[in-house]
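Below you'll find only one chain, the form predicted alone, shown as structure tokens.
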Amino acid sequence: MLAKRIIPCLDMKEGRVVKGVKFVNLRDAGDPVELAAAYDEAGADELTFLDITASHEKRDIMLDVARRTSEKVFMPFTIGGGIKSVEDIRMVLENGADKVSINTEAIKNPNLIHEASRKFGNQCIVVAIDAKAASSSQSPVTSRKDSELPTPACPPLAGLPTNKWEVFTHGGRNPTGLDAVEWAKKVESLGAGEILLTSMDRDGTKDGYDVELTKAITGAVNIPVIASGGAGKLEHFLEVIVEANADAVLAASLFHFGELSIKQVKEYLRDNGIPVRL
């Protein structure tokens, strides 16, 4: 088994790190570059910056954050939010990021995944999937061809099966009608090298990762899947790795506000037979 990665996530809004519950009620968590340096010192395996309102507010990508972070940290980091083109990806990588994360634009223009993977290599192309259980999203979940990938919100429809998850865009604002498992398969076929999977139902709740959702995705693809949304205690990290075969675990508020440390999580996983880098 490859070493499992522990990845702090820095959700960004207007240049500051924020954290909320289920993508709302955001509170300030600090300066992104200062936090990045602290996590580098603490032994994080990677770091992810996500500008959670960039697509919704039509804001530019975070080149300054990428550049300043690359000057201070030595671990790999990913930049996501507001990326719309191959040129955007090139600029992010040239400013020091190791990977880019694409969500909204990947759904609007799936060919971007293919073009970016071909140009830069799939190792640096992460597709973020924000998913909500069909029973809570109340929108139709369907598998569609590339030409039919939707951008508008879907009309509400009750009575959906509970083992389906719908993909959302624009920081969790817009339902797409896409089935998360089918979309995961599609992005892999287009050249994505990794999936960042966030359960919107669990985000910020500290109730644990959505094991069922994560297991459905890891069972459908052969690329690494990062589990995100819901970490609340040490057992949650172990659970999603053992039961859902997550390749990496991502958390935010637990780390930002000092409830758990990177070292605590890694030592707990090691003591339970999970390979980690210490």
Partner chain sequence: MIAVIDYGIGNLRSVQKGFEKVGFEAVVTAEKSMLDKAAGIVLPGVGAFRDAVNSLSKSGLGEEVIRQIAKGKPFLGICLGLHLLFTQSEEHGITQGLDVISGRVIGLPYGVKIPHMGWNQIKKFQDTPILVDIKEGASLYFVHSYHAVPEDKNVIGTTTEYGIEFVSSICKKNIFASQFHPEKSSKLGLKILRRFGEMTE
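Being a predicted model, the structure only gives us computed values, none of them experimental. Residue numbers count along the first chain shown, from 1.
Although it is not shown, the form predicted in complex with the partner chain is what the next lines describe.
Stretch 190-198 is the contacting one of 190-198, 176-184, 81-89, 107-115, since its residues have non-hydrogen atoms within 4.5 Å of the partner chain in the predicted bound form.
Within 4.5 Å of some heavy atom of the partner chain in the predicted bound form lies at least one heavy atom of D40. Contact between V167 and the partner chain in the predicted bound form is not found at the 4.5 Å heavy atom cutoff. Proximity of P224 to the partner chain in the predicted bound form falls within the 4.5 Å heavy atom cutoff. In the predicted bound form, at least one heavy atom of D247 sits within 4.5 Å of a heavy atom of the partner chain. For a residue to qualify, one of its non-hydrogen atoms must sit within 4.5 Å of the partner chain in the predicted bound form; none of R16, P32 and K233 qualifies.
Heavy atoms closer than or equal to 4.5 Å to the partner chain in the predicted bound form belong, across 95-117, to the residues N95, G96, A97, D98, K99, ordered by sequence position.
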